[in-house]
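Just the one chain here, the form predicted alone, laid out as structure tokens.
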Amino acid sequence: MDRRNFIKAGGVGLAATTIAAPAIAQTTPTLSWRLVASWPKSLDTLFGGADYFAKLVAEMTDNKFQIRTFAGGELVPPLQVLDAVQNGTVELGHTAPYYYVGKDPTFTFDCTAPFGANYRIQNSWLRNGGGRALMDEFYAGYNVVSIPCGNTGTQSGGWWKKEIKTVSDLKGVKFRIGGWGGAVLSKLGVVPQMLAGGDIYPALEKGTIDGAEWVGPYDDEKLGFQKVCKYYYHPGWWEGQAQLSAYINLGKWHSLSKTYQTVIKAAAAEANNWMIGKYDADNPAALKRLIAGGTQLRYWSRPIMEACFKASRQLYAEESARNPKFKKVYSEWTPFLATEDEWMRVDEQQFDNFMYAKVGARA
């Protein structure tokens, strides 16, 4: 190739590069967003999950997409994360959707529901069972996109200052509980209280409440509930799992390139796996420490479980009758769970039951 043709060819190449570079750059602009969480910084799995999510987004974008995380109360109150994201006060939130059942009980399906799904079934419903489309339609009315971003697994049944041996023992107890489980317990005489994580211990210590649930041994130990309550009940039937969410302002979400939207989804999925893995790794040792320190482990009696289950079915029926949004989700959620329960009984339950009976014999 002579010099003239070489320059001509090179010029075409340079021009193409000049044209292409800005187009690529436009898909990855430099962004700085704020995320408000519902958790105190002391909870290194819940707030740590928000931090981990933000870190992943930065790493996957060569630090072009920065997300600053704020604990509950730093920018907005812990239980007002939805409002802050919905109104555009911040771009992002990390919260438990069931904190907002007071606005509409339909929020419960994006988080957890009394006697509902375990982690595996919830994940299946949202990812492959039609749940995501149903919830996206619901959230559009709140100007928010919700993406799964953490899960606690099955939670504990909370800390009680007195033993609960019969259904009548529940009457008049002031109990801190999140989400829709409180509505079920209220049918049995409990007085449910909704408090943010950092407010629970002072309320227990002062006697403002008689008991409280949060997550499980690892977090509960950190919050110090064992210092003021003796009896630790299991399981938390109101939370067979708790799906946490990254809330994103709808307008901000649509302003992102497909590349950045994919990054957020990928980071949230990894944070989801990280959180449940951390809880499963940390809870066993925490429970042993609690028991060694004098905590009395208790399990709900069959009559109490049956009474709570019956009350939950009544509540679902009542809400479906008065709330079309709730009914639409519930009518699809219920048969999906029933089918999954049948499937889990075939292999999962049989294997788990056998292996749990072999504790100590695995070696």
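Residue numbers here begin at 1 and follow the sequence given. Quick caveat, the model's predicted, so the values are computed rather than measured.
Below, we refer to the form predicted in complex with a further copy of the same chain, which is not included among the displayed structures.
Trainee: For the three residues R120, G153 and W343, verify that every one has a non-hydrogen atom within 4.5 Å of a further copy of the same chain in the model of the complex; reply yes or no.
Mentor: The answer is yes: all three residues contact the partner (heavy atom, 4.5 Å cut-off).
Trainee: Go through 66-74, 35-43, 318-326, 51-59 and give me the stretch that gets within 4.5 Å of a further copy of the same chain in the model of the complex, heavy atoms only.
Mentor: Comparing against a further copy of the same chain in the model of the complex, the contact stretch is 51-59.
Trainee: Against a further copy of the same chain in the model of the complex, would W160 count as a contact residue? Criterion: heavy atoms within 4.5 Å.
Mentor: Output for W160 is no: heavy atoms all beyond 4.5 Å of a further copy of the same chain.
Trainee: Taking a further copy of the same chain as it sits in the model of the complex, is Q193 in contact with it (heavy atom to heavy atom, 4.5 Å or less)?
Mentor: It does not: once a further copy of the same chain is placed as it appears in the model of the complex, Q193 has no heavy atom within 4.5 Å of it.
Trainee: Evaluate H254 for contact with a further copy of the same chain in the model of the complex, applying a 4.5 angstroms cut-off between non-hydrogen atoms, and reply yes or no.
Mentor: Heavy-atom contact with a further copy of the same chain at 4.5 Å: absent for H254.
Trainee: Using heavy atoms and a 4.5 Å limit, would one call L82 a contact residue for a further copy of the same chain in the model of the complex?
Mentor: L82 lies outside the contact set for a further copy of the same chain.
Trainee: Counting non-hydrogen atoms within 4.5 angstroms of a further copy of the same chain in the model of the complex, say which of P78, G116, P97, G182 makes the cut.
Mentor: None of the other options qualify; the answer is G116.
Trainee: Of the residues N87, T166, T208, N273, which one places a heavy atom within 4.5 Å of a further copy of the same chain in the model of the complex?
Mentor: Flagged contact: N273.
Trainee: Which of the residues spanning 205-241 lie within 4.5 Å of a further copy of the same chain in the model of the complex, based on heavy atoms?
Mentor: Stretch hits, in order: P217, H234, P235, G236, W237, G240.
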